[in-house]
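Shown here is one chain on its own, the form predicted alone, set out as structure tokens.
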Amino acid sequence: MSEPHTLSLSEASERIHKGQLSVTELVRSALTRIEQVEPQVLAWARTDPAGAVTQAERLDRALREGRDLGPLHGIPIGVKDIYYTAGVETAAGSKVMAGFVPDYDATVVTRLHAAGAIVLGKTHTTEFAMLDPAPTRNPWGLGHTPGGSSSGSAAAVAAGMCLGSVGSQTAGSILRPAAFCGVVGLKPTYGRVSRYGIVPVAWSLDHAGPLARTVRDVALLLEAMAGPDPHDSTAVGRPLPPLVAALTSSPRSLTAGVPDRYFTEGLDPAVASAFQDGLKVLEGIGIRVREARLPESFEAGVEAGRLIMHAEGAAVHLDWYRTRARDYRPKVRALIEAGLLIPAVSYLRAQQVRAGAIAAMRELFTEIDVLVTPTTQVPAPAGLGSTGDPIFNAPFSTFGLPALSVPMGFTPSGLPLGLQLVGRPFDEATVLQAGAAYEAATDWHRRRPPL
């Protein structure tokens, strides 16, 4: 049998429940993998090997005693270092929060623990999940960015150091790293997952979501993460349908829309070619592919989202920034200072423009089931000074729509590419259904980095 850390989350879960693999064996395999490749990849801000093994042994005992916590029972995961973790430092990649140890878990962490997941440690994030890069490197090319801000979460999964992870997205911070690192990333609908206990970037734009190796894996993670939360008024009580069951439905009734503009600009030739191949795959599995005319308000809505992020980001950091401005890195400092200059009237007007664009996008989805685009304009850029451009992801953070990135191919030099599927509000099931059908017709998700 191959090393347990090479399994997908779903494969490992099946073996654990069949008695073919112990939780302890799986966790020790992941920890050994961390020892082997972490010095090159730098995905982790901190790990807790002893605590993870203790949890694994406890969960093995639970299974022997007939206490099964479900499909995540014993699955080793990473948690982005903006999620509060009781008794474990949460520094958000910053000097400002360095040394801060919460006394409670974020709601997402609480739910994952309850579902049986084992947190191996905290994964690196860009400073405050914004622009200044983390030290993490791309497992597919160590001289290339893994993307951000969920840099460590994507890289750790890609490198086989954990079987799933949680990240966050305000512009493109789940989907872009997923594409750059050749894994699957899901940004749910705004309000599907609680943000309680997560260091905010911009309250009305922040989303929490999973990354893993397959579409089924992220579906299992979302099922554990989602739901209303009395601590977060934006976490709605809308029922989550059985996502894993939806993955087996035929995609032949679905219509995919290809945007008429915006997502055609600045495409790297390798991305453009892989995207055309991806559309042929969708057609080959029975999905109807047609052009979709984006609403006239689309670009204005995207610009409104950018202004909102600056204004809310400045408000989040105002008190700290007044006394500790020098502890912020240059790109975050520039964002905060720009946000401080935005008048309240402009912010409120931006929210109005955004609301109009959201309504127009919802109208578009009366004609199609999913919107399909490349996840990024280009493959992971060389150098570690930036995390790439979220231009193809930010619109769907601004509009709060569920979006999935699945592996779409590779450049001639071996860097991964991603296909982005976007759906109606709270219709993650259809997005995942289309993504799973595409994934089943390709083998890109089975490839592993040369580490």
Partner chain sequence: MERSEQARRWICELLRVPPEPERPGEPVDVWPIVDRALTAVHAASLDPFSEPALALRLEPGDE
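Positions refer to the first chain, counted from 1. Since this is a predicted model, take the numbers as computed values, not measurements.
Below, we turn to the form predicted in complex with the partner chain, even though it does not appear here.
Novice: 305-313, 134-142, 83-91, 285-293: which one contacts the partner chain in the model of the complex at 4.5 Å, heavy atom to heavy atom?
Specialist: After filtering at 4.5 Å, what remains is 305-313.
Novice: If the cut-off is 4.5 angstroms on heavy atoms, which of these, P239, P269, P330, G266, is the one near the partner chain in the model of the complex?
Specialist: The residue in contact is P330.
Novice: So which of H73, R111, R354, R216 gets a non-hydrogen atom within 4.5 Å of the partner chain in the model of the complex?
Specialist: Only one listed residue qualifies here, and that residue is R354.
Novice: With the partner left out of view, is A202 within 4.5 angstroms of the partner chain in the model of the complex by any non-hydrogen atom?
Specialist: Although the partner chain is absent here, A202 would stay clear of it in the model of the complex, with no heavy atoms inside 4.5 Å.
Novice: Tell me, yes or no, whether S250 is in contact with the partner chain in the model of the complex, where a contact means a heavy atom of each within 4.5 Å.
Specialist: The answer is no: S250 has no heavy atom within 4.5 Å of the partner chain.
Novice: Does H231 reach the partner chain in the model of the complex, with heavy atoms at most 4.5 Å apart?
Specialist: Contact check for H231: no, nothing within 4.5 Å of the partner chain in the model of the complex.
Novice: Could you tell me if E337 has a non-hydrogen atom within 4.5 Å of the partner chain in the model of the complex?
Specialist: Judged by the heavy-atom cut-off of 4.5 Å, E337 is in contact with the partner chain in the model of the complex.
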